[in-house]
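In the structure tokens that follow, the same protein chain appears in two forms, which are kept apart as structure 1 and structure 2.
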Structure 1
């Protein structure tokens, strides 16, 4: 056990892209997250698992300061991206969110065409110099989100006209198009069929070559398949955090064990 701690600290120093220390979140009186310490490692997929309402989405939203948009929400503690405190007053949350992208739990395509949805981020951040480049970015992103084949003939149809699962993949393509360094995905596959799920998992694996990915999921199998690190949340506490293989085969905490074997949650 001590050895494990040591290697973890080692990793902290070398390749942790994001670190969270003693993070507390309050929604008004509701203490939603208590003392969460997590490292998001470079080129790694981290899975957040835990029962509904335990604070997974809340913590995810802390990582790109989306909680700023909720008036009642108060975040304490320290979260860093590449060593810089993201809650520092000098940090521009807008820039931060360009680096730490997000796919939401519910698909939320903009009331624009499919093309414009995907091109939204690149346009805002000036990532494409001309139309041809933009076309390329859009196509590449849609391909990565496993949506290209279905929409290539109707790129200018409204994004809101797609099915729920297609909309979610559109949102994934939209987030990928901005080329974030860290991609936060809140249950990205909850509306997808097994084929699309497999494609998204493939995408996650591919993204890992360049980015860090954090994925919230209710599927143990999915967490086991795609992630290298897993964090288990329970009632606002980070109960356990470590290598996915270790969490699933040899959990240290009895709560983790009962959750992954299906006894709580």
Structure 2
């Protein structure tokens, strides 16, 4: 799935959509993340890997301020999107989440029709001026999520009536409908069977032509298949971040090597 034509130089020349510097996360007294520095590159899939509880999902949620919803959570440091500090008081988290979309571990379609699931974001953000434009956005988003052919004749059927893999692709269509700059995916295949997983992985590879994608995964094989950059987290630290091939074949830190070879995790 990795594009072998993307050389190290190509990746190095890509601009950073998002940057994180010295990011710390505290849940009450628990210091969950320590000094995380990472760049999320344009039109690149970045995988976050590491053992359970290492901080990868916590950091992912920092990127669109999902941690704002947790009262005891405190985020320090700086995270920017296109140079703008996303934690600046003037930034509206709802608007931010239109630019930094999110797909969760379990498919969570709204209890609405397939059409209304996809149209929801463009409607609330005023991205379509009339029904014809909204129809266009819905079709384009479902095509991007490789779901249009399967649902085009039942757009007004409930989204919850789809199979698990189709529901997850519907959630991806919903996330891309607002034309985000970055798409976050938290274990998007963990509730899916192998066939649906393969479909979503293929889709991730296609989505990076238009978006920066960040995926949290427990599966190292998945990270190796779909990503160009990989970040390894361990016990709240970002241990190592670099080209996926280098992380998996020639890790610089012994903790990374121990995790990849199965000695820790």
Partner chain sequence: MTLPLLLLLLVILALGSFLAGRARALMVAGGDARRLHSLPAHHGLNLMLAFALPSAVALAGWLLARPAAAPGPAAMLAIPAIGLAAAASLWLTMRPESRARNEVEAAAKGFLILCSVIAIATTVGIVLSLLFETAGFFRQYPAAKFFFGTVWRPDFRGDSDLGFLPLLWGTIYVSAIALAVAVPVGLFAAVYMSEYASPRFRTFAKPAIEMLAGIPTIVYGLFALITVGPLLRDWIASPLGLGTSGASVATAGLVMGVMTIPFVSSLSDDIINAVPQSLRDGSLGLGATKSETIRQVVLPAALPGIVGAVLLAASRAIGETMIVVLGAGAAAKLSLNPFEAMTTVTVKIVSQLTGDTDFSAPETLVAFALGLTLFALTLGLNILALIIVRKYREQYE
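Since we're looking at a predicted model, the values are computed, not measured. Between two forms, the rigid core is defined as the largest C-alpha subset superposing within 1.5 Å. Positions refer to the first chain, counted from 1.
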Practice item. Specify the structure that is the form predicted on its own; exactly one of the two qualifies. Key: 2
Exercise for review: Kindly say which of 233, 36, 182, 223 is at the hinge when the rigid parts are compared between structure 1 and structure 2?
Suggested key: 182
Study note, to complete from the structure: The number of degrees by which the smaller rigid part pivots relative to the larger between structure 1 and structure 2 is 13
Check your understanding: Can you give the C-alpha shift of residue 154 between structure 1 and structure 2 in Å, rounded to one decimal, after superposing the rigid core?
Key -> 5.9
